[in-house]
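Two separate entries follow, structure 1 and structure 2, each one form of the same protein chain as structure tokens.
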Structure 1
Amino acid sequence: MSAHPILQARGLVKRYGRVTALDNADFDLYPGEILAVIGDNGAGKSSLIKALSGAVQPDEGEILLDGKPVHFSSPLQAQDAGIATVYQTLALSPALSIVDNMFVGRELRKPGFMGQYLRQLDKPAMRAFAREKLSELGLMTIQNIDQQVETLSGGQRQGVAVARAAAFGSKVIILDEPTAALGVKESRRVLELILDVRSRGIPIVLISHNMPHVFEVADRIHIHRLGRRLCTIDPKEHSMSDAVAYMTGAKEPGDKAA
């Protein structure tokens, strides 16, 4: 593990009315690793990654990218900084095509006059690129890249969202329960994709309730509890039972936490 975290958070606080979703949460992601984030329902995992990806603004605390403080006031800013996120809700536009969804916010324009002055989109280039990315993910059972996303099954949609993140995340990719609604086969594909992305050197944050999956792919596990990081453990040194016990409050972590 290299010495300097690529993405860091210190003392994040986020309140929704009377609920404190994040209560002084810390977070560290190191280059090239897969970091799993686990925790009970409502522990604040999604709130944490929303804060990291600019989808919500924390009330307190700071976020550092490559050691420099950053302030994302919208998901777009985080994406421009190289942080791509697959949210629990997927964030796809049902009536738009697969291509349009993949490129939303980062459309390619035609070269030359049409693109520069008339801002015309380069649809063929976007189609070719989207097809390539989806094939990499083994998702080319999709016959038509111009199909509306609402005509896809839940698993296929998840695939499109993951492909989008994998294609555009240059620094960090964050996945919030990417396999929750997926079948055995489809989940496997996503896990393979995660490992593949890691092998390209891009670090990944994976939120999941599936312990076998987490222990299979994670390099480190961040255990979130009651709105804050309880500890970070090494899956090779801790058992699933330990992780579950810490996460649910059945056991207190020793000082062995990584």
Structure 2
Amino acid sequence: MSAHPILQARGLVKRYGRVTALDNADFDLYPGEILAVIGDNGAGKSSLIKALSGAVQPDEGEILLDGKPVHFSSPLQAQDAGIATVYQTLALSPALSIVDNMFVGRELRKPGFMGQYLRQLDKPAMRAFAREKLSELGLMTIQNIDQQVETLSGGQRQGVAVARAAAFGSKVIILDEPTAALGVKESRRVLELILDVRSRGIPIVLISHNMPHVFEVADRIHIHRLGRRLCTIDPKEHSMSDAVAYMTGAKEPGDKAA
């Protein structure tokens, strides 16, 4: 693992009136790793992810991408910088096709006069690109990329959302509870998809309440408590019961904490 994090946060503070959601929170994501972020309800992990993805602006602290300070005023700015977030609700348009969802906001125009002046879309190029990206991630069960997203299974929809995030030069992908609404078989496919994306060199932040999934795929686990990072642990050296005890305050991290 590289000695230098690709995405960092130092001393993040976010207040909502008298409630402090982030209290000098730190964060480190290294190239090529899957970092799980876990925490009890109200621990502040959602606020941390929203700050990293541009959905909220911290009151204090700084965020660094590739070692350089960044300031995101919206998720679109974070996305343009290379931080793509796939939320639990997926943010897909059910009535649009897979291709249209892949390219929403990034549509390809036909070359020359037809595209420049008449604004006609290059549908064949968009279809070819979408098929290539879905195939790269092993999503071969999707036969017709012109079918509407609402006709797909939950696992297939999650696959389209992840493929869209991975397709456009993302430096970091944040996955918010990607298996929460899925059955056992579809959850297994999404976990394989996460490992496929990591194998392509894209680091992943995985937010999940599912401890078996976290311990199966994560390289490190960031434990968030009371608005800040309590510790990071190696899932090979700690048990699930250790992680839950740290999250809830029943146990304090000892010498094994990273």
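Residue indices: 1-based, along structure 1. Here the rigid core means the biggest group of C-alpha atoms that line up within 1.5 Å when the two forms are laid on top of each other. For clarity, every value in this text was computed on a predicted model and none was experimentally measured.
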Next on the checklist: Quick check on the two chains I just loaded: which one is the form predicted on its own, 1 or 2?
Outcome noted: 2
Next on the checklist: At a 2 Å cut-off on C-alpha positions, does residue 80 qualify as shifted between structure 1 and structure 2 after fitting the rigid core?
Outcome noted: no
Item to check | residue 119: Cα shift of 2 Å or greater between structure 1 and structure 2 (core-aligned) | outcome: yes
Item to check | Per-residue C-alpha change between structure 1 and structure 2, residue 162, threshold 2 Å, rigid core fit | outcome: yes
Next on the checklist: So with the rigid core superposed, the C-alpha of residue 98 shifts by how many Å between structure 1 and structure 2?
Outcome noted: 4.7
Checklist outcome for this item: Cα of residue 109, core superposed, displaced between structure 1 and structure 2 by (Å) 2.9
